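Below you will find one chain, with nothing else, as structure tokens; this is the form predicted on its own, and questions on how it binds or moves follow later.
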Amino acid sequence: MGQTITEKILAAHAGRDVVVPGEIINVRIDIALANDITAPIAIELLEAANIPSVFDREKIVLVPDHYVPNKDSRSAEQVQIMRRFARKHDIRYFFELGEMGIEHALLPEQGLVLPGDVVIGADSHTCTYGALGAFATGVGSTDIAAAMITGETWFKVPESIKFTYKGKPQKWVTGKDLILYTIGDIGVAGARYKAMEFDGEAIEALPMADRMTMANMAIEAGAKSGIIAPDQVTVDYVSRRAKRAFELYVSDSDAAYVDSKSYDVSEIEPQVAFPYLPENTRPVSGAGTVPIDQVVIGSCTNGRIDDLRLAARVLKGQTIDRNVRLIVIPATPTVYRQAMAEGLLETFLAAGGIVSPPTCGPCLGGFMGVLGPGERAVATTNRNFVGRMGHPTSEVYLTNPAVAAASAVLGRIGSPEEL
């Protein structure tokens, strides 16, 4: 019996030829990641244990990105803890302000995560890196602390589900719509502790940004990871960024899957996930009349340059509704500079929006766009749970950047086709 890409990567990092779903293994890691919410917990554990050094100062990445620039004294203290630890242990990859970005956009951009890697992060959306052909998953702060010392962690080898996407997408349909449609089909627990393996001609046609969006939201289906086998798109993306050697893995033709799903993407419209779960999806044509107060375009899901270009394409020459606040958040300084050079920021400003420095900010109800009682937001983020972006009675509707931009102009959830 053959092996899936996930099983092959885990076996290689466990020093094994083969691993079997369900068994517990120890694996070496290539990257351990933490942010300004999760790193301080791990660091305090390490300081209490009085560790003399970390396992590898070049394989630990610290990115304050949730409450930056610091919104208050508590968030400033969180980053101080990270900064002091990074200096003490000479951590090579500590990113702050002018260098920082939203972690799951920043690490691939910097060439720090690569095909064939095992990456753990104290953030649930670490699964983003599966788009590069890596096994990547979120863990707790205590697991990160242990990994910082040992360079290893343990896993139960997940079963894999294969998702095959055929056909050519409709206009305005993106990777965000494919993953929302999938979550709407299988539910938020439909892939619990499974590896979601995405393939098919429609996936092969996706740019890297859309692939990252799909892998990013695997966690919203309960998955342990999301992964896409590397191809020429992957190699083109990583070869000009990689800071070390990497290995490409693909699933064997006779690999075993616990389940499989197939979708014809030509039948999928742009999707909208209604409150209060990512599985509560509808096609935009069936959204009805839902007036909105705010639009957020950004996050680790949709804050890359491709996403901003798509939003700017819709907003060019338009003015947002007078009752709507539009917040655009480039995911990294590189994305910010590129958007500025291409005139995208001017398009957003001319439409009546504002542009934020890179931050997670409103995605988790942190700052830079927190919602008040009863307010509704259309967002390109990844979660729309109760109180996710602010007050418990507020509502978040998840869409792709084109639908978000069109909704800002219309003052309600709507399609770019209406403009």
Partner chain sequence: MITEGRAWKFGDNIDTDVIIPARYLVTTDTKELGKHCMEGVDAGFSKKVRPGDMIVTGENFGCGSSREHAPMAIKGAGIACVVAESFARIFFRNALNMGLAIFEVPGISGGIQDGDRVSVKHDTGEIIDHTNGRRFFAAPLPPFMQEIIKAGGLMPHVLRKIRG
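Positions refer to the first chain, counted from 1. Since this is a predicted model, take the numbers as computed values, not measurements.
The form predicted together with its partner chain is left out here; the points below concern that form.
If you check its partner chain in the model of the complex, you find a heavy atom from every one of 40, 142 and 188 within 4.5 Å. None of 230, 138, 101, 108 but one reaches within 4.5 angstroms of its partner chain in the model of the complex through a heavy atom, and that residue is 138.
Residue 192 is the only one of 192, 337, 166, 171 with a heavy atom lying within 4.5 Å of its partner chain in the model of the complex. Residues placing heavy atoms within 4.5 Å of its partner chain in the model of the complex fall in a single listed stretch, namely 142-150, out of 284-292, 231-239, 325-333, 142-150.
Among residues of the shown chain, residue 219 is one whose heavy atoms approach its partner chain to within 4.5 Å in the model of the complex. Proximity of residue 44 to its partner chain in the model of the complex: non-hydrogen atoms within 4.5 Å are present. Contact between residue 264 and its partner chain in the model of the complex is not found at the 4.5 Å heavy atom cutoff.
Mapping the unseen interface onto this chain, residue 88 falls outside it, with no heavy atom inside 4.5 Å of its partner chain in the model of the complex. For the stretch 383-401, the set of residues having any non-hydrogen atom within 4.5 angstroms of its partner chain in the model of the complex comprises 383, 385, 386, 388, 390, in sequence order.
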